[in-house]
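The chain below stands alone and is given in C-alpha cells; this is the form predicted alone.
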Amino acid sequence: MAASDAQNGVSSIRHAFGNVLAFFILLLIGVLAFSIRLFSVIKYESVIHEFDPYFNYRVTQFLTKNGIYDFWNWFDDRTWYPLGRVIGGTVYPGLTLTAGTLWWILNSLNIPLSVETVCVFTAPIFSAFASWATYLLTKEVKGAGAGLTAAVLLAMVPSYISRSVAGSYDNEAVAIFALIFTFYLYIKTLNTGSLFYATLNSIAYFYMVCSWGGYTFIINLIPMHVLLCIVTGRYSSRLYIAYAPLVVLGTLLASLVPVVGFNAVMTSEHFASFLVFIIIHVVALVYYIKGVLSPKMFKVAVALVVSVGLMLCYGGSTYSIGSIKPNKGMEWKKFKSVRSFLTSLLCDSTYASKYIPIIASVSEHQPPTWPSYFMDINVLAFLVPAGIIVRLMLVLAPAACILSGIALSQAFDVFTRSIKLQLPSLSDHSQVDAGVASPESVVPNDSVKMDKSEDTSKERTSKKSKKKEKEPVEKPLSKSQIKKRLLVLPLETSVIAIILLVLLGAFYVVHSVWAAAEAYSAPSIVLTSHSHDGLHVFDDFREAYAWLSHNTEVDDKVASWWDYGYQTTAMANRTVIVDNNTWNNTHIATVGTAMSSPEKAAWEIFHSLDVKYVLVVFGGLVGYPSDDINKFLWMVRIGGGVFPHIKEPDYLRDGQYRIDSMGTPTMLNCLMYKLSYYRFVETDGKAFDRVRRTEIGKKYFKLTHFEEVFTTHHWMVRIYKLKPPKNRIRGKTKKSKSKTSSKPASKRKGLKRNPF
C-alpha cells in the first residue's frame, strides 16, 4: 500500500508539473504568434494593408462613431454610384463588432487607442487565440503533446501569417479562430455528451457565421462526419447531442445575421445539414424501436418501412419527371444549369475563365503553383499532401498543422521510446536480460511449470502461490509490452531520425520567420524595392488618394477598376462607381467596357455615370506588375460578357495582348492604353515598358476628351479629369453662320439673328 501510495503521489506531482509546463508553453506560443506578425509595423508603420481591410476599417470607424443601431441601418451612398449599398445587410459584422468592442473596452479602461490601432492589431491578437484553440482541439483528439506541436506549427505557418499580419484587418483575422474553436467544441461535445458544450458549440458557430462566409465549411464538414459515423455503425446518443442542437440552435442564430437571413434554410449549401438531421432522427427512431420490439417483429417492421419508402420514392420521382418538361419547364432548365455549373467548376479548371470572368479575375480563385504551395505551408506539404485553390490555402493551414502535429508527436514518441529502451543496454547488459525477455522465452517457462504442476496437488498450490507472488515481475511481459518491444527501432536510426526532425523543424522556423518579415509584411499601399542605391519606398497610392481628398469636391465621382474602390472611399472619401464587393457584374462590366472603348465612347459612358475623374494604376516606369494594363485582359472579358460589341479577339495579335508596334489598332486606341501611356515617351525618350519589357507601339498622341490633372512621383497612379461637353448651341450657331455666309447679302439681311 505504501509503495502504491508513493507511486500515486509521484504521478500526481508529475501530472501537475506537466500541466503547469504546458500552460507556460502555451503562453510562449501565444507571444510567438503575436510577435511574429509585427514585422509590418516594425519595418513600415502602423497602417492598414491590402484592399478589403480598408472597407472594414471604414465600417468600424462608422460603428464607433455612430453606434450599433445606425450601423445596422447605414446606407452608403459613396459606393456603387448611383446604386449605393446597404452596409448593415450586406456585410459580415463579426470582425467589425469584435474590433469595436475591443476599442470600447480599452477606452473604458482609460487606454486611449485609436480605432486604426485597434484594427491593425486585431489579427495578431486572434492569431494567438487560434493557436490556443488548435491546442485544445488537438489535445481533445490525440493528447497534450500533439496539441502543443500543432499550436506552435499554426503560430508560424506562412499561409495563416499572410492573412493575419498586423494591419491585415480582414474577416479571416477572427474567422480562423472561430472555425477552429467551433470544431473543438463539437469534438468536446462528442466526447462528453454534454448539452452545455453543445450550446457553446452553437454560439461559436453563430460567431463564425457573423465573421465570415466560410461558415459553410462547418455546416457541411460536420454533417459529413455524422453521416460517416452512422454508416460505419458508430451512432450513439453523444453523436445526437453533438449534432442536433447545432443544426437547430445554430441555424436559428445564423438567420439573425442580416447578410445570411433566410439563406440559412433556403440555399443549397445548407441542405446537407438538414438531410443528415433527418437521417440521424430516423436512425435514433430505429434504435429506439429496436430496443422496444422483439428481433422478429423488428425485422417485419423494417421490411414494411423499406417497402413503403421505396413505393413513395418511386411515385414521387415519376410525378416529378412527368411534371417537368425538358423543353419548357423552367425547373428543368435551372436544374440542368446548376448541374452543368457544378460539374464544370469541379472538373474543369478553365470553366470560370470562360463563363464567369469576374470570379476568375481574382487571383485567389486560381489553383496555386507548387512554389506558392510550398511557400505557404513549407515542410507541412510532406506531412499533409493536398491540393486546393489559393483562397482555401488559409483553411487548409489549420488542418495541415493539426495533422502534422499529430504525426510529429507520434514520431518523436516512437524515436524517444526506442532510445529510452536501448540506453540501459549500453551500460548494463545483464539488466536487459533480466528485465526484458523475448516472447519466445515466455512459452517454454510456462510449459515447464505446467508439467511440474501435474505431479502433486501440494506442488500445484505452491506453484500458484509463487506465480501470484511473481505476477508484478512478469507484468511487463504482457502483450502490450511485447507490442512496444516490436515498435523499438535501432538506436542509430532513432538518433538520426530525431536529428532530421529537429533540422526539419529548424528549417520550418527559419522559413516562417523569413516569410513573415519579407514576403507578407509589406503593405500593398506602400511598396519598397532594393537596388544598388539602397532601399526605395513607393508611396504613390497614398499620394494619389491625398491629392483626391484635397483637390476635388466632396461629391465628385471617381471611376477606376474595382480593385481600388475600397481604398478610394476610405482614404480619399470620394464616391466610386465600383468597388471590391463585386456584387453587380453589369456595373463592373460597364467600367470595363469604358476602359476597353475608344476615347470618345469611353467619355460618353463615364459622363452618363456622372464621373468627373478617372484613376488608373500604371507600373511601366518602375516595374510594378499589378497595374491596370496587366488587368486589362479581365476588363475586356468582363465587359464583353455583358456588352457583345467588346470582342476579345479584336485586342489580340497572334493570341497575345501586345502593346508594342505589333499591337492591334483596337488595343492601341482604347482608353486604358491612352491613359496609361500618355506622355510616357517623355520619361526616357523611348517609352520602354519595364513590366512588359518592350517599347510601346503608339508613343505620340493627344487626349481630346480627358485631361491629365495629377501623376504621382513614380508614375504609379495617374488621375485624369473628364473635359466638359462642348456647347451644342454654340456649335449650331457657328454651323448656321457658315451656311448663311454663302447666301447673298440681301437675303441675309432679312433673316432674324439667333439670340443665343
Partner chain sequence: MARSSSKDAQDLFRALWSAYAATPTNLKIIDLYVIFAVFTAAIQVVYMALVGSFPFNSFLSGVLSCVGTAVLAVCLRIQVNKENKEFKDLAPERAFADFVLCNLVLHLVIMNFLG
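Because the structure is predicted, anything quoted here is derived from the model rather than measured. Rigid core here is just the name for the largest C-alpha set that superposes within 1.5 Å across the two forms. Residue numbers count along the first chain shown, from 1.
Just so you know, the form predicted in complex with the partner chain exists too; it's not on screen, but the next bit is about it.
Relative to the partner chain in the model of the complex, residues 255, 288 and 304 are all within 4.5 Å by at least one heavy atom. Mapping the unseen interface onto this chain, residue 143 falls outside it, with no heavy atom inside 4.5 Å of the partner chain in the model of the complex.
Using a 4.5 angstroms threshold between heavy atoms, residue 240 counts as touching the partner chain in the model of the complex. Using a 4.5 Å cutoff between non-hydrogen atoms, residue 281 counts as a contact of the partner chain in the model of the complex.
Although the partner is absent here, residue 643 lies well away from the partner chain in the model of the complex, with no heavy atom inside 4.5 Å. Interface residue among 547, 412, 81, 277, judged by heavy atoms within 4.5 Å of the partner chain in the model of the complex: 277.
The partner is absent here; in the model of the complex, the one residue of 622, 259, 395, 249 having a heavy atom within 4.5 Å of the partner chain is 249. The stretch from 518 to 526, 649 to 657, 187 to 195, 498 to 506 that comes within 4.5 Å of the partner chain in the model of the complex, counting heavy atoms only, is 187 to 195.
Once the cores line up, the CA of residue 303 ends up 2 angstroms or more apart between the shown form and the other one.
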